[in-house]
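Okay, here we've got a single chain as structure tokens, the form predicted on its own, with questions on binding and movement later.
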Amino acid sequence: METPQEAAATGGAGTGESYPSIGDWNSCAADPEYRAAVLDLLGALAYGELSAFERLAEDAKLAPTLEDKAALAGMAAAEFHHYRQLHDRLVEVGADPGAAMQPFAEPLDSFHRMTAPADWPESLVKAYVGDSIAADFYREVAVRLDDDTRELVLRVMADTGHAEFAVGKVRGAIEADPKIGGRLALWGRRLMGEALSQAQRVVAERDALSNLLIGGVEVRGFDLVEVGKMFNRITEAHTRRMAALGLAS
């Protein structure tokens, strides 16, 4: 959920690099390991969008005004629309969406339990910063995928138009009560730490997905040096977003 300015600064996909096409889904999916990795990726992303919908709908209860409640409800609706696109794609390629999502339900539910916002400003920081960390990760992976999968992932990770809303509201809350700035800065750091921890856990537990990330799949993947650079870029983007909120990272 980054702003257009941030997308330009990070090269859209977060890497600042361009990669040649590796082919379409049908040609790449002939490799069973690649297919398994992409189904894992889509399953994780689909459950992430579904859980984001549920969480944003719940967080709307914290909104101080009807206009704010409607804005967060709009964010939730956008997440559900993204979920439906991923669900339909899994069906299209012959996968069971429920089975594809199941391995990622507990880690993502655990993340949301551990990062339940205490109030409206915390919910906005989570919606802006937390969701953007996930989006950065998926865009990093997407540029190395087949054309069809890359286009879908980048489309569902696109800004829904609410990033500037979140930034404005958080900055306004800090201006009204500067004392909350320190608490929200700590909250942002906690979100970053929990998000990276859960991402590393998921990758470690899913062999096909981890092979894709470290280059075990013959179709272009990461090597270990690139993985380190990827997480550095994600951390740098998080620092920029915290700065946009007027918070120290």
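The first residue of the shown sequence is 1; numbering continues from there. All values reported here derive from a predicted model rather than from experimental measurement.
Here the subject shifts to the form predicted together with a further copy of the same chain, a form of this protein not shown in this document.
Contact assignment for a further copy of the same chain in the predicted complex, among A30, A70, A204, L186, heavy atom within 4.5 Å
Going through each option in turn, the one that passes is A70.
Scan F165, Y83, F137, W120 and let me know which has any heavy atom within 4.5 Å of a further copy of the same chain in the predicted complex.
The residue in contact is Y83.
Would a further copy of the same chain be touched by all three of A76, H87 and M101 in the predicted complex, meaning a heavy atom each within 4.5 Å?
Every residue of the spot touches a further copy of the same chain in the predicted complex.
Just one of 186-194, 57-65, 204-212, 32-40 has residues with a heavy atom within 4.5 Å of a further copy of the same chain in the predicted complex, so point it out.
Answer to the contact question: 57-65.
For 21-53: residues with a non-hydrogen atom within 4.5 angstroms of a further copy of the same chain in the predicted complex?
The stretch touches the partner through Y47, L50, F53.
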